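Just one chain follows, in the form predicted on its own, and it is written as structure tokens.
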């Protein structure tokens, strides 16, 4: 499974304060824990931080790159901001793999961001929603996902650079929508061979919930059984990562041994705790 780290995000107060202050130390401290937990890709989001958003994005990308050469996911709900940011980050970090996070299946969004992905050789996350908002059923999610996938493929993108996000909503506000996410993954996996990646923003399921970590772990395992292969998570949450690895072992995606978690960490070059 591909692990995107969620923690370098201006929605968190400490990161939001660190960005305008140019506090590299805090970013590096947070990042160190995410990398030690197994992050494959670092998702960066400036959130509602003060200052020029483009310059904030460039600074954050370069600050992360000082510690790791892992791929960066440039995360914003503002398409016009990503149009400006992606070429600037590509110019500053020409050898770094980039992912655009994210683009909806609305034509206006796809027309802006898919060409940017092609021109700058990035991956892209496609949300299974359009101008009408987040679908309330499986069928509309699948329709939006198929539209996005076909548009990206026709533009020349590889399936390996396309991530479909069936949109996870909080369980306390959108009861039963989690079933639509799982079924959406199952159905979308059938529309193209090879299938694209499937990704979720995991912590969305537990927003403002008391048992947030338990909800996150359980939902991640459920989605893995449906075909999920990528998630944006707090990779410093060891119990979450252990649950992920265990699910992959039980699903036959990782070989079993009595020390399978340790073996997974060794394979990724991570500290084993021994």
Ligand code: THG
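Residue numbers count along the first chain shown, from 1. None of these values were measured; they are calculated from a predicted model.
The same protein has a further form, the form predicted in complex with this ligand, not shown here; the description that follows concerns it.
**Q** Check residue 178 for me: does it contact this ligand in the model of the complex (non-hydrogen atoms, 4.5 angstroms)?
**A** Residue 178: no contact with this ligand in the model of the complex.
**Q** Are any of the heavy atoms in residue 31 no more than 4.5 Å from a heavy atom of this ligand in the model of the complex?
**A** Looking in the model of the complex, residue contacts with this ligand do not include residue 31, since no heavy atom lies within 4.5 Å.
**Q** Residue-level question: is residue 232 within 4.5 Å of this ligand in the model of the complex, judged on heavy atoms?
**A** The answer is yes: residue 232 has a heavy atom within 4.5 Å of this ligand.
**Q** Looking in the model of the complex, any heavy atom of residue 11 within 4.5 Å of this ligand?
**A** Flag for residue 11 set to yes.
**Q** Tell me which of 183-191, 82-90, 200-208, 131-139 has residues with heavy atoms within 4.5 angstroms of this ligand in the model of the complex?
**A** That would be 200-208.
**Q** Just to confirm, with a 4.5 Å cut-off on non-hydrogen atoms, which of 72, 152, 113, 127 contacts this ligand in the model of the complex?
**A** None of the other options qualify; the answer is 127.
**Q** Between 139-175 and this ligand in the model of the complex, list the residues on our side with a heavy atom within 4.5 Å.
**A** Stretch hits: a single one, 165.
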